[in-house]
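The data below hold one chain only, encoded as structure tokens and taken in the form predicted alone.
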């Protein structure tokens, strides 16, 4: 297969053409995709017609897969993974027999990093579109390498060496996770602590590492100071110069590097159907090596 890489021309992202993901990829093709992923952070592969087995096989080229998040995978005894594929999470607003077939509904998902509330966040995620709404539901991405590199000096020096508490009580659509109570004191937010700057383990480049804005907290600061500092860094990190947005079509497969990218989702009409299948690749504990 002749593989073509077409950058978006924005701060991140590229389309890969010439792949049929129903087929096994040879070593050379896998290496091309891996290099493109490192270079562009987000890759789109359009016009695919794949099964869950194909999705899992392709995803495993990049690492060991993590099972669909437990709190998101089951509700009232109904699995939110396809039968036989516990590695695959269903992301959908569709209701069947009075119960949701997947997670996250139709609401806006604000800027976030996936699963940063655990000690070893996933290194990346792969999302495949089976059904998409006629409008809305687009996914935006922000380049955290660039966000780090362009930090104002005063903000950089204030953030240097600090960690952030990443909230585990809410999902990316703002809904409570099963078993968690509402956070009323951000100094007691349940979740992992990670450095605000992290070194990418493959490229060696530093990046901002943010989770979700709501309920985030920087230990060692009074709440008002933490809130002001987090507001400033989030405003910087999500400015349009660092972003690119993908408009979905059926058959699109998107993969993003969770270690150096924030992403978000636009809301869409709940009368429209959106069905996505997602895999998540295991990662490691974030660290930062000051240059």
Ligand code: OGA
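Remember, predicted model here, so these are calculated numbers, not experimental data. Numbering follows the first chain given and starts at 1.
Not on display, but discussed next: the form predicted in complex with this ligand.
Self-check item: Option from 184-192, 107-115, 148-156, 200-208 whose residues, in the model of the complex, bring a heavy atom within 4.5 Å of this ligand
Solution: Result of the contact check: 107-115.
Quiz prompt | 142, 88, 165, 91 - the one with a heavy atom within 4.5 Å of this ligand in the model of the complex | solution = By the 4.5 Å criterion, the partner-contacting residue is 91.
Self-check item: Touches this ligand in the model of the complex: residue 265 (any heavy atom, 4.5 Å)
Solution: Judged by the heavy-atom cut-off of 4.5 Å, residue 265 is in contact with this ligand in the model of the complex.
Practice problem: Would you check, heavy atoms only and a 4.5 Å threshold, whether residue 127 touches this ligand in the model of the complex? | Solution: Taking the distances in the model of the complex, the answer for residue 127 is yes, it comes within 4.5 Å of this ligand.
Quiz item: Just to confirm, residue 256 within 4.5 Å of this ligand in the model of the complex by heavy atoms?
Solution: It does: once this ligand is placed as it appears in the model of the complex, residue 256 has a heavy atom within 4.5 Å of it.
Quiz item: Could you tell me if residue 248 has a non-hydrogen atom within 4.5 Å of this ligand in the model of the complex?
Solution: Within the cut-off, so yes.
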